[in-house]
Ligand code: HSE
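Just one chain is shown here, as C-alpha cells, and it is the form predicted on its own.
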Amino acid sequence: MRVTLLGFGVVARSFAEVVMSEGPKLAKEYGLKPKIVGIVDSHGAAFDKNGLDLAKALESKSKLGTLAGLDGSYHEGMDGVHAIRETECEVVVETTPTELKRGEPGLSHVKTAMIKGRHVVCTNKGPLAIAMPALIELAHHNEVVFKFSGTVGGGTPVLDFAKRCLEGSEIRGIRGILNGTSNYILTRMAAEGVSMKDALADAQRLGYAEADPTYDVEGLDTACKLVITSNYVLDSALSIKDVDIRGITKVTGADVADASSKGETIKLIGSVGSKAKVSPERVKLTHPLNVSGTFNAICFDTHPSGEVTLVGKGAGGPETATSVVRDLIDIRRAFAR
C-alpha cells in the first residue's frame, strides 16, 4: 500500500516511526505493508516511487526543520495539492493542522485526493467540521474509502466503538468530555485550587496546550469532535456553525469551589440531543464522565442498554498514529474483499 503523508508534524512523524518499528508485525498480523512514497510539509515535498527513507526524513525534519535532507527526492515549495497530483499512491494521509475558517489546506487536500481516486485517512478536524456530509458524498461518488477515526479520541476508538460495538442498540444522544486540554485545566482548578491562568500555563509548558490555546479553551475543538461524532454515529448533517459553543474562559475558582461543595465538578461538555451544544456543565463526582487530567470520556445514551461510557486518552502523537494504522488496516481489508 503506497501512502502519501500531508503534514509532517507530531502525528505524521509518530506514524513514520510506527511504520519503521512495527512494519514486520503489521505485515504478519494484518497483511498491511505501508510504503510511504510522499511526504509534504509547509516548506515543500519529497517523493520516491520506491519508498522514502523514513529515518533520513525524520532526521532532516529534526535538524533542518524541512525535508531538504532527502536531497534529490525533495522539491522545495511544492504544496500538497500539487504533490497529490504528482505522486502515485493508494492512500493519502492528511495530518495538517486544524483550521476552522475555511478548513484549508486540509479541505483541498482531501477533495483533490478523492477526485484522483485515492483513499483518504484524515486526522485533521477542520475539513470534517466544515464539510463532512459533502466529503462523505464525494468519497462515495469516487468510490474511495474515507476514514477519520483519529479526529475524535486520538488513539481511543470512539467512532468505531459507537458504530460497531453498540450495534443493535439505538443511540439517542451523545454527551462527553472531548478536549484533554480544557479537562486538564478544570481538573487542576478543582483539585489544587489553582487559577485558570496558571493551569493553562502549566498545560502549555507540558505540551498539552498550544501557544495559542483558543481552539481548546473556547470550546471549538470540542465542537469539531462533536460534529464529527454526531454525523458519523447519528447520521446527522451538522457543521460547526450549527453548534451552540461556550468555552471555559469564564469559569472562575468560585464556580469550581461552589460545585465541589455540592458534590459536583465542572467539565466542558459537548452534547447532542435535541440540539448540539458545547458548554461548561456541572457533573456529579460519582458520574463516569468525571475523568481527570487529559483524559476524554464520552457517554452514549442507548436504548435499551442505557448509558455506555468510553474513557481514554484523547490526543498525542503516538496515540493518534495508532488510529492512522487502524484506518489503514480497514482500507486494506476493503481491498481484500
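Residue numbers here begin at 1 and follow the sequence given. What you are looking at is a predicted structure, and each value in this text was computed from that prediction instead of being measured.
Just so it is clear, the following notes concern the form predicted together with L-homoserine, a form of the same protein that is not shown.
Within 4.5 Å of L-homoserine in the model of the complex, a heavy atom is found for all three of Leu178, Thr181 and Glu210. For Glu90, no non-hydrogen atom is located within 4.5 Å of L-homoserine in the model of the complex, even though that partner is not displayed. At a distance threshold of 4.5 angstroms between non-hydrogen atoms, Lys225 is in contact with L-homoserine in the model of the complex.
Using a 4.5 angstroms limit between non-hydrogen atoms, Asp221 touches L-homoserine in the model of the complex.
Contact check for Lys125: a non-hydrogen atom falls within 4.5 Å of L-homoserine in the model of the complex. Considering L-homoserine in the model of the complex, the lone stretch of 68-76, 250-258, 202-210, 140-148 in range is 202-210 [heavy atom distance within 4.5 Å]. In the model of the complex, the residues of 309-324 lying within 4.5 Å of L-homoserine by at least one heavy atom are, in order, Gly314, Ala315.
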